[in-house]
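Here's a solo chain for you in structure tokens, the form predicted alone.
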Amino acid sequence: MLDDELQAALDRRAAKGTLRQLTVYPTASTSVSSSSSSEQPLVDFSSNDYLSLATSSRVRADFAAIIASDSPLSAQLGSAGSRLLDGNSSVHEAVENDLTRHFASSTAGLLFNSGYEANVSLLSTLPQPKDVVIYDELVHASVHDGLRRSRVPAHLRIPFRHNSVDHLREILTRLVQDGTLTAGTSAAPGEQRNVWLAVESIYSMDGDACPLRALLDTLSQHVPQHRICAVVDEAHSTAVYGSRGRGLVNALGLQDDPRITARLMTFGKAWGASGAIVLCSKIARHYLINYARPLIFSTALGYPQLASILAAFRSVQDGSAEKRARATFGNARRLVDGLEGVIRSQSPAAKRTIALPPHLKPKQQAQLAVEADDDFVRWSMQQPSPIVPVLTSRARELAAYLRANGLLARPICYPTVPKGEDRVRICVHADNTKSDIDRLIDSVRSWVHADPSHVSTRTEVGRHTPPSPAHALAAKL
């Protein structure tokens, strides 16, 4: 029977400690008082609500005001169709136009239901069969899924080592030498290859920034500028980086760079809502409308979703979201500095140790070139991102310990991250207090120094974490 086969596959995954489960934990952005300990919510160090806009009373009030004052938004809930049928409206097009003007890096924008659908659409549709796509090995799963659905043959879909300009240069040099990049250059212009670059601005599991300018300049050394097509997924930088939340591309002064073909800005993370917009040329927008299957065959964003995007947009436009971003970056800095103290105090031979990834280690934090007069933009680029991974081979155990101490941070393990790179992914938020951050640091310190016999090693799926010295992972990094 099918269910027996499915259960056997689940059992095999559980035996390897990689079984995924849906969980529900009551959370709050900061510590709250409660008369009953059983009702005490966990402090949120897990969600992608970096600016705490999803829980903002001001944004909720703006949402209600928008619904009440806008007749088209208040007259209907669902969009009732795809964009190509009955789901399009003047509201959808007005939101697209307003957002496109705000981000100011393209001539057009196209709304999608999610960042996942947008990435799948971009990468499965825009690259042509003759093109080369070079992508960061740690780029989001939606990019991989889009490329698998694309018409680009497998041998022309090439990963490069994470954030490695040198490896990108090696790949490009090889492609020039073996004639791959020059194939078709003697033919008509339409027969030449475009070379695509697929990257994230801030990477979701490591929290490090893409060296975008260096990658683009390396491409320019090997590929004609008009053949460079970069796609930048700004899911984790939208509303956080750049002037008025315009993203990392804006912070780097690259918003007008013709080498960037498309940017993906999402609203389900720091924006505090849901959905996404692709910023591109008018021609690319029209092409996506005709060929992007996730757009063509999906019901369009409903009116409450559009209202929530607009409600958060008010905070982004008037600068209050930027004030929240300052608090977020300050919390990230406080956390990283505190965790460095924990790392210095631990014994390498201990059964429990933690490590930070290389970009967060002292004197190793990359300094990205910033072309901006905005003090916030320049300052923010020197801070850790809101995503702080605590590397340990006992990620599930550490996450459970934090949860027992009223703090929610999720273990991220293989296959979500590569083998040997398990971590507890900590996300800081604007509404986390200094006390919350210090409590988190103290809890990690207590776990590191606690007697192992006093700490449960049972995972969330009821199986023991396989023994693996955490210091080996730290030494690798």
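This one's a predicted model, so the numbers in the text were calculated from it and none came from an experiment. Residue indices: 1-based, along the sequence shown.
Quick note: we don't show the form predicted in complex with a small molecule, though the next part is all about it.
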query = Between the options L122, V390, A235, V240, which residue brings a heavy atom to within 4.5 Å of the small molecule in the predicted bound form?
reply = A235
remark   = Students should find that, of S114, S82, Q192, Q346, the residue having a non-hydrogen atom no more than 4.5 angstroms from the small molecule in the predicted bound form is S114
request  = Check whether N163 has any heavy atom within 4.5 Å of a heavy atom of the small molecule in the predicted bound form, and answer yes or no.
outcome  = no
ask   = Contact between K269 and the small molecule in the predicted bound form at 4.5 Å, heavy atoms?
value = yes
ask   = At the 4.5 Å heavy atom threshold, is S204 in contact with the small molecule in the predicted bound form?
value = yes
request  = Give a yes or no for H140: in the predicted bound form, does one of its heavy atoms lie within 4.5 Å of a heavy atom belonging to the small molecule?
outcome  = yes
One stretch from 352-360, 338-346, 114-122, 300-308 that, in the predicted bound form, holds residues within 4.5 Å of the small molecule by heavy atom = 114-122
